[in-house]
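What follows is one chain in structure tokens, specifically the form predicted on its own.
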Amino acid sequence: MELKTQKVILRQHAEQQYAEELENLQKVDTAQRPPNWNLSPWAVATYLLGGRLDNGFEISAKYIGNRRLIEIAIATLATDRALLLLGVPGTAKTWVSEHLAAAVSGNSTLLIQGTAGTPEEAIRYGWNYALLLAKGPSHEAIVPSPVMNAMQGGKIARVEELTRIPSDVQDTLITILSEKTLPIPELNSEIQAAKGFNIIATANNRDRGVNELSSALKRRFNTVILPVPATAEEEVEIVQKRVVSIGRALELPQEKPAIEEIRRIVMIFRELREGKTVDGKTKLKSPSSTLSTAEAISVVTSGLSLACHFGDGTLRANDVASGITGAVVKDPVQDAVVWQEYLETVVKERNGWKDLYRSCRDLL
């Protein structure tokens, strides 16, 4: 007898994971909504930043940081200008992009993942070659891109890592963003965007110069720069919230991550990023790696998995040591020297950090 098991989704889309929150926001949202928006700009901001509704329902914070930046991003989407989220790797650009699309359109899946191999068809449209050969060019033979689908439905399309896309392919967006049309020259036709259509693109500062945006394309975007968390406590809060969320999705045993270990990881990453210790007394060399908040989340999640499956469930220094080392040492020569120097001059001398020092030294 064959047993059927229900498929469990590894990672739900934002509109699926937070469906209850979006539903409750819709119930109380009486503010004016732009055409084809599921929520008003006020409700979208509440969804991103969190808050308690009049009916007592609690909305969780998806983004912890400068409220004004989120408000500017939302206001941009309510105009005819596209939105570019810019920042160093790991500053939640993709996370914010996904949740903005989920709140505005109820659909975060109209996505183009930018790579060096992204073709023009990924932005414009492709062809069903069987139909194309059988009947010639026709609307039925067109395979719509996420952007075309967004234009027809008045939705938000997302373009991840825009600067990774070749420059000539990037410029396909110019006509779409300026004229709000997508020409189909093979059919002497075009797709005109429905109200509500817009594009959210992301790019990171480290990729500047890889495929830099043309000035014509830059003018079509309003750029919002997402910074690294302003304070260590803010970064600790972000890491803690995201680790709990990821732990639930991965069905890790529900043990709370040790807040002190998170604080140590965040402190290490911030000091190496900034090139000095917290007290400012010791200058440090910075590694080639970014050491972003996203990497801190990854280190804690991996350590929590080790602690739960091969320990007693409590996150300790030996659970996170390999993750920290792997995050810092991307270049086995240059970064290894930086990390070893930091261990000897900072970690070894810090009160209460001997356990972390020994665990990390054992991996060198």
Partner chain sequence: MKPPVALLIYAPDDPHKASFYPFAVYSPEWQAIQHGLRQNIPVRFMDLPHTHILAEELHENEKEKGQYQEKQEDIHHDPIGHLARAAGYTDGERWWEHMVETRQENDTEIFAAILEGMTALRKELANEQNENLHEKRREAYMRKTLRETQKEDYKKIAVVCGAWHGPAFVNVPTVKSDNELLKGLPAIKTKSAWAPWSYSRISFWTGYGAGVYSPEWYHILWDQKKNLVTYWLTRAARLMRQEQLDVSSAHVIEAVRLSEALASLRGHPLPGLEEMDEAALAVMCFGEEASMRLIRKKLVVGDRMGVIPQDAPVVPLQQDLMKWQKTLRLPAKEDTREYDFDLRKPTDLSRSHLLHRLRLLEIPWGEQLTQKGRSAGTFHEYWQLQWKPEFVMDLIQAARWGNTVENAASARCIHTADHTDNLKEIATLLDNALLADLPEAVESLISSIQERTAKSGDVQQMMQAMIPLARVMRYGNVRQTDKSMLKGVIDGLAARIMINLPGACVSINDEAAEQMFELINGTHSAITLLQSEEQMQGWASVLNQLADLKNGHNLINGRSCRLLQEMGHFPLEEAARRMSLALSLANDSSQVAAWLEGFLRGSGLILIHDQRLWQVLDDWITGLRDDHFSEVLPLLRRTFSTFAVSERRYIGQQVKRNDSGAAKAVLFDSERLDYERAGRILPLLSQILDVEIET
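This one's a predicted model, so the numbers in the text were calculated from it and none came from an experiment. Residue numbers count along the first chain shown, from 1.
The same protein has a further form, the form predicted together with the partner chain, not shown here; the description that follows concerns it.
Residue-level contacts in the model of the complex: of Lys195, His139, Arg219, Lys285, one residue has a heavy atom within 4.5 Å of the partner chain, and it is Arg219.
For the options Glu186, Glu233, Glu260, Asp80, the one in contact with the partner chain in the model of the complex, meaning a heavy atom within 4.5 Å, is Asp80.
Contact annotation: the partner chain lies within 4.5 Å of heavy atoms from the stretch 72-80 in the model of the complex, the single such stretch among 157-165, 113-121, 72-80, 236-244. Contact annotation for Pro34: none of its heavy atoms lies within 4.5 Å of the partner chain in the model of the complex. Proximity of Val143 to the partner chain in the model of the complex: non-hydrogen atoms within 4.5 Å are absent; the residue sits far from the partner. With a 4.5 Å cutoff on heavy atoms, Asn107 does not count as touching the partner chain in the model of the complex; it lies far away. By the criterion of a heavy atom within 4.5 Å, Gly323 is excluded from the residues contacting the partner chain in the model of the complex. Remark: all three candidate residues (Trp42, Arg68 and Thr223) come within 4.5 Å of the partner chain in the model of the complex, counting heavy atoms only.
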